[in-house]
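In the form predicted on its own, a lone chain appears below as C-alpha coordinates.
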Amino acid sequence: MKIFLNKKKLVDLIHREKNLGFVPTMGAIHEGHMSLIKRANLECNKTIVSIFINKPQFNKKDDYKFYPRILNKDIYLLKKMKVDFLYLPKNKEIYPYGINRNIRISPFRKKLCGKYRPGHFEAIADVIERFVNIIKPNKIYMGEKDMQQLKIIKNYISKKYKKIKVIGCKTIREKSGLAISSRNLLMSKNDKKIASKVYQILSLNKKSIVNKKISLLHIKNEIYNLGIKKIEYLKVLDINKLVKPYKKNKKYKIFISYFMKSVRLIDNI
(Lines give C-alpha, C1' and ligand atoms only; values in the text may rest on other atoms or scores of the structure.)
Protein backbone atom coordinates (compact mmCIF):
# COMPACT_ATOMS: atom_id res chain seq x y z
CA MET A 1 0.00 0.00 0.00
CA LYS A 2 1.37 3.39 -1.02
CA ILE A 3 0.61 6.22 1.42
CA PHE A 4 0.35 9.78 0.13
CA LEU A 5 0.44 12.98 2.16
CA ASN A 6 1.08 15.08 -0.94
CA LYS A 7 -1.54 15.73 -3.62
CA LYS A 8 0.92 16.21 -6.49
CA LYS A 9 2.70 12.89 -5.87
CA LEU A 10 -0.66 11.11 -5.68
CA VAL A 11 -1.95 12.63 -8.91
CA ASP A 12 1.29 11.85 -10.75
CA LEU A 13 0.92 8.17 -9.86
CA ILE A 14 -2.82 7.57 -10.32
CA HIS A 15 -3.76 9.80 -13.26
CA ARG A 16 -3.45 6.90 -15.73
CA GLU A 17 -5.55 4.42 -13.74
CA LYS A 18 -8.45 3.22 -15.89
CA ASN A 19 -10.74 1.61 -13.31
CA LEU A 20 -10.13 3.25 -9.94
CA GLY A 21 -12.39 2.66 -6.93
CA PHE A 22 -12.55 5.32 -4.21
CA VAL A 23 -13.64 4.80 -0.59
CA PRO A 24 -13.83 8.13 1.30
CA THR A 25 -13.55 7.81 5.10
CA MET A 26 -12.90 9.85 8.21
CA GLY A 27 -10.86 7.01 9.69
CA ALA A 28 -11.63 4.76 12.68
CA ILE A 29 -11.83 1.97 10.08
CA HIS A 30 -14.41 -0.71 10.92
CA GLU A 31 -16.19 -3.62 9.24
CA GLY A 32 -18.53 -1.24 7.42
CA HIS A 33 -15.59 0.46 5.72
CA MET A 34 -14.03 -2.94 5.06
CA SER A 35 -17.14 -4.11 3.20
CA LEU A 36 -16.85 -1.06 0.91
CA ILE A 37 -13.16 -1.80 0.31
CA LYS A 38 -13.87 -5.48 -0.44
CA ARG A 39 -16.39 -4.49 -3.08
CA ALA A 40 -14.07 -1.88 -4.57
CA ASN A 41 -11.28 -4.48 -4.73
CA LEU A 42 -13.60 -6.87 -6.56
CA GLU A 43 -14.96 -4.37 -9.08
CA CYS A 44 -11.94 -2.14 -9.74
CA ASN A 45 -8.35 -2.52 -10.92
CA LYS A 46 -7.06 -0.40 -8.02
CA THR A 47 -8.59 0.94 -4.80
CA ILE A 48 -7.82 4.22 -3.06
CA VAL A 49 -8.99 5.08 0.47
CA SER A 50 -8.89 8.57 1.95
CA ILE A 51 -8.78 9.39 5.65
CA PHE A 52 -9.79 12.98 6.30
CA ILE A 53 -11.85 14.26 9.22
CA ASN A 54 -13.85 16.94 7.47
CA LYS A 55 -14.34 19.72 10.00
CA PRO A 56 -17.02 21.73 8.05
CA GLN A 57 -19.54 18.85 8.23
CA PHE A 58 -19.53 18.86 12.05
CA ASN A 59 -22.20 21.06 13.62
CA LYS A 60 -20.72 20.85 17.11
CA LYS A 61 -17.09 21.52 18.06
CA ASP A 62 -17.11 18.66 20.57
CA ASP A 63 -18.24 16.16 17.92
CA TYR A 64 -15.21 17.09 15.83
CA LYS A 65 -12.87 17.20 18.83
CA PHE A 66 -13.85 13.76 20.13
CA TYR A 67 -14.23 11.98 16.78
CA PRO A 68 -12.12 8.76 17.07
CA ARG A 69 -8.59 9.12 15.72
CA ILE A 70 -6.68 5.80 15.52
CA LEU A 71 -4.47 6.25 12.46
CA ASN A 72 -1.89 3.54 13.21
CA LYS A 73 -4.62 0.92 13.58
CA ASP A 74 -6.34 2.23 10.43
CA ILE A 75 -3.13 1.86 8.40
CA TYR A 76 -2.63 -1.68 9.72
CA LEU A 77 -6.18 -2.69 8.72
CA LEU A 78 -5.96 -1.07 5.27
CA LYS A 79 -2.69 -2.87 4.53
CA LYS A 80 -4.35 -6.11 5.58
CA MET A 81 -7.21 -5.35 3.16
CA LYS A 82 -4.66 -4.91 0.35
CA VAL A 83 -5.69 -1.35 -0.42
CA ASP A 84 -3.48 0.04 -3.20
CA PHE A 85 -3.36 3.70 -2.17
CA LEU A 86 -4.07 5.66 1.01
CA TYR A 87 -4.45 9.44 0.83
CA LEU A 88 -3.94 11.39 4.08
CA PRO A 89 -4.34 15.05 3.11
CA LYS A 90 -3.87 18.03 5.38
CA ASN A 91 -6.72 20.54 5.67
CA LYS A 92 -4.88 23.15 3.54
CA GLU A 93 -4.54 20.70 0.67
CA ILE A 94 -8.30 20.06 0.54
CA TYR A 95 -9.38 23.62 1.36
CA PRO A 96 -6.66 25.92 -0.03
CA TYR A 97 -9.16 28.79 -0.39
CA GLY A 98 -11.78 27.82 2.19
CA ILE A 99 -15.13 26.08 1.75
CA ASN A 100 -17.49 26.42 -1.22
CA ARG A 101 -20.58 28.29 -0.06
CA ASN A 102 -22.39 27.84 -3.39
CA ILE A 103 -23.03 24.08 -3.30
CA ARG A 104 -26.48 23.25 -4.70
CA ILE A 105 -27.84 19.86 -3.68
CA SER A 106 -31.19 18.05 -3.54
CA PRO A 107 -34.00 19.57 -1.38
CA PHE A 108 -33.86 16.27 0.56
CA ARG A 109 -30.97 17.94 2.44
CA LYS A 110 -33.52 19.82 4.58
CA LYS A 111 -35.18 16.68 5.94
CA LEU A 112 -34.14 14.08 8.54
CA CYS A 113 -30.56 14.86 9.65
CA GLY A 114 -30.49 18.05 7.57
CA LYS A 115 -33.24 19.57 9.69
CA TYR A 116 -30.97 19.36 12.75
CA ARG A 117 -27.61 19.80 11.04
CA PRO A 118 -27.81 22.85 8.72
CA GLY A 119 -25.06 22.88 6.11
CA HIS A 120 -24.01 19.29 6.90
CA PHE A 121 -24.78 17.75 3.52
CA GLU A 122 -23.48 20.75 1.59
CA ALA A 123 -20.16 20.26 3.45
CA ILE A 124 -20.09 16.56 2.53
CA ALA A 125 -20.87 17.29 -1.14
CA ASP A 126 -18.13 19.92 -1.12
CA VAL A 127 -15.43 17.63 0.28
CA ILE A 128 -16.42 14.66 -1.91
CA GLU A 129 -16.24 16.89 -4.99
CA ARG A 130 -12.78 18.09 -3.96
CA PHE A 131 -11.59 14.49 -3.65
CA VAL A 132 -13.21 13.65 -7.02
CA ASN A 133 -11.28 16.46 -8.71
CA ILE A 134 -8.00 15.24 -7.21
CA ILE A 135 -8.46 11.47 -7.56
CA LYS A 136 -10.77 11.27 -10.62
CA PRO A 137 -12.17 7.85 -9.64
CA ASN A 138 -14.44 5.73 -11.80
CA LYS A 139 -16.49 4.50 -8.85
CA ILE A 140 -17.16 5.85 -5.34
CA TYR A 141 -18.28 3.43 -2.63
CA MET A 142 -20.52 4.63 0.23
CA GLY A 143 -22.58 2.85 2.87
CA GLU A 144 -26.36 2.61 3.03
CA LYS A 145 -26.28 3.22 6.79
CA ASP A 146 -25.95 6.90 5.90
CA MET A 147 -28.84 6.60 3.44
CA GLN A 148 -29.62 10.32 3.27
CA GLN A 149 -25.97 11.13 2.58
CA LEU A 150 -25.78 8.37 -0.05
CA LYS A 151 -28.90 9.57 -1.89
CA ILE A 152 -27.80 13.22 -1.89
CA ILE A 153 -24.22 12.52 -3.02
CA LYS A 154 -25.33 10.01 -5.66
CA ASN A 155 -27.71 12.62 -7.08
CA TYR A 156 -25.10 15.41 -6.93
CA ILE A 157 -22.28 13.44 -8.55
CA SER A 158 -24.51 11.91 -11.27
CA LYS A 159 -25.53 15.40 -12.42
CA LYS A 160 -22.03 16.90 -12.48
CA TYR A 161 -19.81 13.90 -13.30
CA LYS A 162 -21.56 11.64 -15.78
CA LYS A 163 -18.76 9.06 -15.94
CA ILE A 164 -18.48 8.53 -12.17
CA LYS A 165 -20.73 5.98 -10.50
CA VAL A 166 -21.62 6.23 -6.80
CA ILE A 167 -22.30 2.74 -5.45
CA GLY A 168 -24.29 2.14 -2.26
CA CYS A 169 -23.27 -0.86 -0.16
CA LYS A 170 -25.46 -2.56 2.43
CA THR A 171 -25.28 -1.69 6.12
CA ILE A 172 -23.00 -3.97 8.13
CA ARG A 173 -24.31 -4.83 11.59
CA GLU A 174 -22.97 -6.38 14.76
CA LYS A 175 -24.53 -9.73 15.81
CA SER A 176 -26.95 -7.76 18.00
CA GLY A 177 -28.22 -5.85 14.96
CA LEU A 178 -26.54 -2.57 15.90
CA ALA A 179 -25.27 -0.81 12.78
CA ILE A 180 -21.47 -0.63 12.82
CA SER A 181 -20.22 2.94 13.09
CA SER A 182 -17.08 4.76 14.20
CA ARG A 183 -19.23 6.38 16.88
CA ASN A 184 -19.81 2.97 18.49
CA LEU A 185 -16.29 3.33 19.90
CA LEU A 186 -17.63 6.14 22.10
CA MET A 187 -20.24 3.87 23.78
CA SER A 188 -19.99 1.49 26.74
CA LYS A 189 -21.04 -2.17 26.42
CA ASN A 190 -24.31 -1.39 28.17
CA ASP A 191 -24.99 1.59 25.88
CA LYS A 192 -24.46 -0.64 22.85
CA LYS A 193 -26.80 -3.25 24.32
CA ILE A 194 -29.56 -0.64 24.68
CA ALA A 195 -28.89 0.73 21.18
CA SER A 196 -29.21 -2.80 19.74
CA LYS A 197 -32.66 -3.04 21.34
CA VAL A 198 -33.72 0.06 19.41
CA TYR A 199 -32.82 -1.78 16.19
CA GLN A 200 -34.71 -4.88 17.34
CA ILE A 201 -37.89 -2.90 18.11
CA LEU A 202 -37.84 -1.27 14.67
CA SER A 203 -36.90 -4.43 12.81
CA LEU A 204 -39.54 -6.63 14.47
CA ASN A 205 -42.29 -4.04 13.97
CA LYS A 206 -41.34 -2.69 10.55
CA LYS A 207 -44.19 -4.33 8.62
CA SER A 208 -46.78 -3.16 11.12
CA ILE A 209 -45.31 0.37 11.18
CA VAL A 210 -45.31 0.64 7.37
CA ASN A 211 -48.90 -0.69 7.22
CA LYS A 212 -49.87 1.76 10.01
CA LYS A 213 -51.04 -1.01 12.32
CA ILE A 214 -48.68 0.37 14.97
CA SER A 215 -48.21 4.12 15.38
CA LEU A 216 -44.82 5.81 15.46
CA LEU A 217 -45.84 7.33 18.80
CA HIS A 218 -46.22 3.84 20.26
CA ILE A 219 -42.77 2.87 18.93
CA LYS A 220 -41.24 6.07 20.30
CA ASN A 221 -42.62 5.25 23.74
CA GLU A 222 -41.11 1.75 23.56
CA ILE A 223 -37.73 3.29 22.72
CA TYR A 224 -37.99 5.85 25.52
CA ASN A 225 -38.76 2.98 27.90
CA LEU A 226 -35.32 1.53 27.11
CA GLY A 227 -33.77 4.58 28.73
CA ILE A 228 -33.22 6.66 25.58
CA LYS A 229 -33.67 10.32 26.54
CA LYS A 230 -33.91 11.96 23.10
CA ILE A 231 -35.20 10.90 19.68
CA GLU A 232 -34.47 13.51 16.99
CA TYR A 233 -36.66 11.89 14.37
CA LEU A 234 -38.49 8.66 13.58
CA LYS A 235 -39.93 8.59 10.07
CA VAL A 236 -41.19 6.14 7.46
CA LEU A 237 -40.17 7.19 3.94
CA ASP A 238 -40.35 5.69 0.46
CA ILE A 239 -36.66 5.67 -0.52
CA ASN A 240 -37.60 5.72 -4.21
CA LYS A 241 -39.20 9.15 -3.69
CA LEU A 242 -36.37 10.88 -1.83
CA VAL A 243 -34.53 12.48 -4.75
CA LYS A 244 -35.55 13.03 -8.36
CA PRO A 245 -35.92 11.28 -10.74
CA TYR A 246 -38.39 9.20 -8.71
CA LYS A 247 -38.95 5.48 -9.28
CA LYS A 248 -42.48 4.11 -9.57
CA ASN A 249 -42.22 1.12 -7.25
CA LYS A 250 -42.46 1.77 -3.51
CA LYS A 251 -39.72 0.77 -1.09
CA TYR A 252 -40.13 1.88 2.51
CA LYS A 253 -37.47 2.41 5.16
CA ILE A 254 -37.76 3.53 8.77
CA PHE A 255 -35.30 6.33 9.51
CA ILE A 256 -34.23 7.14 13.05
CA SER A 257 -31.85 9.51 14.81
CA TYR A 258 -31.49 9.37 18.58
CA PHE A 259 -29.02 10.00 21.36
CA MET A 260 -27.46 7.23 23.40
CA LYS A 261 -26.36 9.53 26.23
CA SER A 262 -24.14 12.03 24.38
CA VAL A 263 -23.60 9.87 21.25
CA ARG A 264 -25.84 10.62 18.28
CA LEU A 265 -26.80 7.47 16.35
CA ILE A 266 -28.62 7.10 13.04
CA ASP A 267 -30.03 4.05 11.27
CA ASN A 268 -32.46 3.03 8.56
CA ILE A 269 -34.26 -0.30 8.50
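A residue's number is simply how far along the shown sequence it sits, counting from 1. Since we're looking at a predicted model, the values are computed, not measured.
As for the form predicted in complex with a small molecule, it is not shown, yet the points below apply to it.
Note that among 74-82, 189-197, 145-153, 89-97, the stretch whose heavy atoms approach the small molecule to within 4.5 Å in the predicted complex is 145-153. Shown here without its partner, the chain carries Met26, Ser35 and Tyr67, all of which come within 4.5 Å of the small molecule in the predicted complex through at least one heavy atom. Proximity to the small molecule in the predicted complex, defined as a heavy atom within 4.5 Å, singles out one entry of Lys163, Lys170, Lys159, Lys115, which is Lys170. None of the heavy atoms of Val132 is located within 4.5 Å of the small molecule in the predicted complex.
Although the partner is absent here, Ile180 lies within 4.5 Å of the small molecule in the predicted complex, judged by heavy atoms. The closest non-hydrogen atom of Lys46 lies beyond 4.5 Å of the small molecule in the predicted complex.
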